[in-house]
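Shown below, as structure tokens, is a lone chain in the form predicted alone; questions about how it binds or moves come after it.
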């Protein structure tokens, strides 16, 4: 078991016990780990007859909407008034799967101004010091795994019911690519096993998340690999780029490009992959690597971003053509590191 400081756990328990209005939130463009963690904590508190509200800065992919009570999550981008009211009245806010307020983007100001106690539970490096309590461990596979540790150490394993378990399992599964990366710790598999004991059907969850493509999403993936992927064997790198018109052509929905950045890493000899997606006012940058090339540092240097050593993201405020031209120059600049 991960050893969380007893003083932190005691303080957190006191905060929860005295709180009248609890809010659970996560980062902008929430992924499986973010939504799984939010819902997992929500269900765990519910077993203790503790009511909480859930808020996301914007929407989340349809392939996560099946999780129990996902329809209770308030989308700040669509229901700003309700979300701001919940945050204004909150006396305790759980901040899950992000290490700083800028990660919630448009919701940052109202979240930061809240007078509530702010509790960080996260596995990203370099957390900001603005939270009242930090439960931050970079060595865990996912925030969902860390939420499990917090719940078990606060309340014991009996307070993790099926609804909590299936949400946390989804978070762990998605943030490890179905246990193919970021999971070389025995405890990750031990926790996954405990969640399965609660009734999680591994094959069913796998199918709901990964075998749930729309036809358009599948065709967009095929187009991305056939027409929008460039490979640089000399740098052990590859990238995919998608213009807004490409996304429109395939009727893009939120989450449709989730995981696309991982596909070039399946090419023999490729250890660094990037996905550039054109938005209205910026280029979204997703980065992945294998081995020792730290994409979080690369993202911090060039894309105002960050993340994990092998999985990071950021933004480029240039045209798509300028962005990919710059990226190709950066491959040359970092050639020695990429070939190390």
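This structure is a prediction, so every number in the text was calculated from the model and none was measured. Residue numbers count along the first chain shown, from 1.
One more form of this protein exists, namely the form predicted together with ligand 5GP; it is left out here, but the text below deals with it.
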None of 52, 289, 56, 286 but one has a heavy atom within 4.5 Å of ligand 5GP in the predicted bound form; the exception is 286
At 4.5 Å between heavy atoms, is residue 313 in contact with ligand 5GP in the predicted bound form? yes
Would residue 124 show up as a contact with ligand 5GP in the predicted bound form if we use heavy atoms at 4.5 Å? yes
So in the predicted bound form, does any heavy atom of residue 32 sit within 4.5 Å of ligand 5GP? no
Considering only heavy atoms, tell me if residue 61 and ligand 5GP come within 4.5 Å of each other in the predicted bound form. no
Sequence order please: the residues of 101-116 with a heavy atom within 4.5 Å of ligand 5GP in the predicted bound form. 103
